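Next up: just one chain, as structure tokens, the form predicted alone.
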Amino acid sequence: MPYASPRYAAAPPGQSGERHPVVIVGGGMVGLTAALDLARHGQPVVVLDDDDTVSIGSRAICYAKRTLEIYDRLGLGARLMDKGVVWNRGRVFFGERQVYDFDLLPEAGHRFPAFVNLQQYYLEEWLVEACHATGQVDLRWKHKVVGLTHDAAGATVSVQTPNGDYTLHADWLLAADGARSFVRETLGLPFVGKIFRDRFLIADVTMQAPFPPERWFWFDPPFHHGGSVLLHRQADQVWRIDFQLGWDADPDVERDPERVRARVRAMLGPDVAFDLEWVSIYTFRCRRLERFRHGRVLFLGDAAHQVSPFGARGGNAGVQDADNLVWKLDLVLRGAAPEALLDSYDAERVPANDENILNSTRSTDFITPKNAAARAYRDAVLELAAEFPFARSLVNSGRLSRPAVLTGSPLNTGDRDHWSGGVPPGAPAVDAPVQHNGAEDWLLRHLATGQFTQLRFEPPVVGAASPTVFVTATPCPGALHDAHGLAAARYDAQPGTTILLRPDQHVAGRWRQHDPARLRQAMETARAC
């Protein structure tokens, strides 16, 4: 059965002049993620959305391992795993032959895979349910923002609803209203970057097909000469197919269902039955705002930055924006950190998104060569990649999303001790299997506290067969045992090693020996105090 979009009742208009600590404009994936995270920190939130349902079409579908870990902290990890399509492998084709395949997570001992594919509308529906369950999120459907002013005390928003208009004041306004952000346009904030002269067709196709749950990418396949094609499996036997069309393609013509069916039929052959669920045309955009914080207005997701879909960087980056921002805003709202802490949102997420834009731009240049010389180079690389491993690193069908390592963050306390590897300051925590109270468990489950957390590696406690990992601020009392040795290996830990983790599970500092004074100073640095 095709997905049936829920319809949410329009909220009555608010009282003009009402005041709220946090207002989020945009009830899509990123806005709802930020709202849920704030609510789990105990912060009340108002969300304004001009629609009354979740996203139409599958939209963002590839959730990377780091994003899955964030959603697990928010209580949705198991649902994503149960409903979504798990995959680690991909294949690259040139013409009719496979050039090579790859495994994005060849190492065992991880709770989550490299990626899970799931239509965005499922995730948004679950986020709505989770937000309601907190009792802290006021979701206002069919509340369209039509005016905005802001100053040092916050933002005043004019809202239009089917039953009347009103104004409200936000001490902090989060703009998560997408690529056509009204907030961004109203503030007159330009994007820095470029738009690529090419067009792609997205088709969500329902079918029973023999393709495995992998990422398949074709350059110049026989069923689509001169272009590229990407194939992903989603839940409910829905398959995402992207066709490169070229800049001269007419979007209105290409959206015609019969024309789309002809392209899909050429790919699948005459004997595979299929139905079209959703069709869209898009153009590559690799650009961002110069800054994401503008006083008490903060931009997240597509409202702040845009990349091409190849590489699964857009949606994952938006979720990681929320993950980075919310704990800082929570501390500021509680008076536990100065407003200057929010400057680190720019300092950390602008470079992280620049990395996404760089990778996305390089992918776009490889997938859509701009002249004959560039195409000759690309085709030569693909030919060599079939025989020589060195050439495979040059193939760029979309460098897939990786978590940002915030190496230049002002919140880091740099290493003073010698390390041979491990997880450096600025990097997200790495999961590992552990034992807790005699049962198999996962390290990151004990780091999902929403607080600053210490990891301390010690020799085995009396009667234990493996080294002990002590976690402060964990909701599960008791020591964790590194029975497989993977936690110590991944953190380059020795007895006495202490690691300070921020509320977003990024490493703030690490030391070979526990030192309360250095820990306190590192925590103050991480709070910009």
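In case it trips you up, residue 1 is the first one in the sequence shown, and so on. Small disclaimer: the values here were computed from a predicted structure and weren't measured.
Although not depicted, the form predicted in complex with a small molecule is the subject of the following passage.
Residues of just one listed stretch (213-221, 119-127, 416-424, 403-411) have heavy atoms within 4.5 Å of the small molecule in the predicted bound form: 119-127.
Among G450, P309, G154, G193, the residue placing a heavy atom within 4.5 Å of the small molecule in the predicted bound form is P309. The partner is absent here; in the predicted bound form, the one residue of F182, F274, F93, W239 having a heavy atom within 4.5 Å of the small molecule is F182. In the predicted bound form, at least one heavy atom of L48 sits within 4.5 Å of the small molecule. Although the partner is absent from this view, D302 contacts the small molecule in the predicted bound form, with a non-hydrogen atom inside 4.5 angstroms. Residue contact check for V30: one or more of its heavy atoms lie within 4.5 Å of the small molecule in the predicted bound form. Interface residue remark: K144 is counted as part of the site for the small molecule in the predicted bound form, having a heavy atom within 4.5 Å. The putative spot formed by Q43, C131 and D323 is not touched by the small molecule in the predicted bound form; no residue has a non-hydrogen atom within 4.5 angstroms of it.
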